[in-house]
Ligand code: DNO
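Given next, in structure tokens, is a single chain: the form predicted on its own.
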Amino acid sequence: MKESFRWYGPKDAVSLADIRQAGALNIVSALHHVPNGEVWEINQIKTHQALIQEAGLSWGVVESVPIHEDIKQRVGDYEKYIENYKKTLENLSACGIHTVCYNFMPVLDWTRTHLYKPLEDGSTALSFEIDAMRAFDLFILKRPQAFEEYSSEAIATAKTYFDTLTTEEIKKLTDSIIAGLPGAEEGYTLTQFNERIQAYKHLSKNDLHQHLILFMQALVPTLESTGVHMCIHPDDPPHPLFGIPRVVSTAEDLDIYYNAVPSRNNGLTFCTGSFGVRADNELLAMFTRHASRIHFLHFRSTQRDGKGNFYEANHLEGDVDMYAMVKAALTEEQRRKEEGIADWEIPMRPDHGHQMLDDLNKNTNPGYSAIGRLKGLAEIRGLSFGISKMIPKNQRFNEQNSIDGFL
């Protein structure tokens, strides 16, 4: 696997020099200063690319080229924004960048209620607490439809939770959810956030599925002519938020999408953490089914409690069988290499590390401190090295292999 690190640009507290010392030579980055919907011009791409190359690294994956909300809703100037998106893809290809991670999550990107959950060892982790989310929705955001969507028991529990919060804790919870994470393209006030949510209230899950499919169908000719792989990231967390359905959360969602747009350029970012939040997602089976179109990997593990709460676990712990997932990735790479596929090696980055050691005293992007991700990379690198010595050269990984036999 191509060992990679995400870099948020020159203002990132984790420098390119830090990343190079970690041993990850492949950079995952984006032009976060370009407003959503605008074209990434070649000169802008090359300027960012030059910074990375001067540090002895390579910009291999874009994460992300954001999709304008008009495209998701198919309203307003969505056709113009699709054309702009095509032009950005053409410009990235002209600069030698052919892997683009993106998501189709309405309004918000990945969402957590707490950015610095204290762990027993003194480090902190990103976490999602269902009562905190409901308390925010019902009593802070005061979304009009919220009381109709939750059970009386859930409302009572959320109210009890809300009543314990101080003014400072209310602000911290609000900022964690809607004020925009470092590197994110947008943040909202409560009023703006409510307005964005209400714009989706007439859209069903089927509507959003169709909008995603129509968007990708419009891009496929550009992708195939430029050789760019678009790799959709699963919903995080993989269930509806604020009454808005999500469409990249389950095996069924993936089947709907890829049956409608089967081009290999319509790829998948396989995030073990996002899919792993749902106990009903069988990760290895999902990987197996879509292995040929996985062009980017996010390896992380979450620990869920069965009540809707979860936090970011250590990379080799939690609910994800990281051994099985790394072995699946390495075996798929071997299959591609033996079949003569040029892009056989899959970029992988350790995702959402703990804030720990000296980084506890630094102002780093939540989930993206240096040391926590370095620990995750080291663990995955060691696991990968060991597994690579065990895989027979003639072993194949395909949809016909039984999962039990594969393990």
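For clarity, every value in this text was computed on a predicted model and none was experimentally measured. A residue's number is simply how far along the shown sequence it sits, counting from 1.
What follows is about the form predicted in complex with the ligand, which we do not show.
No member of the trio 72, 178 and 188 reaches the ligand in the predicted bound form with any non-hydrogen atom inside 4.5 Å.
In the predicted bound form, the ligand sits within 4.5 Å of a heavy atom belonging to residue 64.
Using a 4.5 angstroms threshold between heavy atoms, residue 103 counts as touching the ligand in the predicted bound form.
Among residues of the shown chain, residue 327 is not one whose heavy atoms approach the ligand to within 4.5 Å in the predicted bound form. The ligand in the predicted bound form is not approached by residue 229, whose heavy atoms all lie more than 4.5 angstroms from it.
Heavy atoms within 4.5 Å of the ligand in the predicted bound form belong, among the stretches 373 to 381, 351 to 359, 337 to 345, 53 to 61, to residues of 351 to 359.
The contact with the ligand in the predicted bound form, taken as any heavy atom within 4.5 Å, belongs to 110 out of 110, 257, 116, 162. For the residues 143, 293, 233, 278, the 4.5 Å heavy atom test against the ligand in the predicted bound form is passed only by 233.
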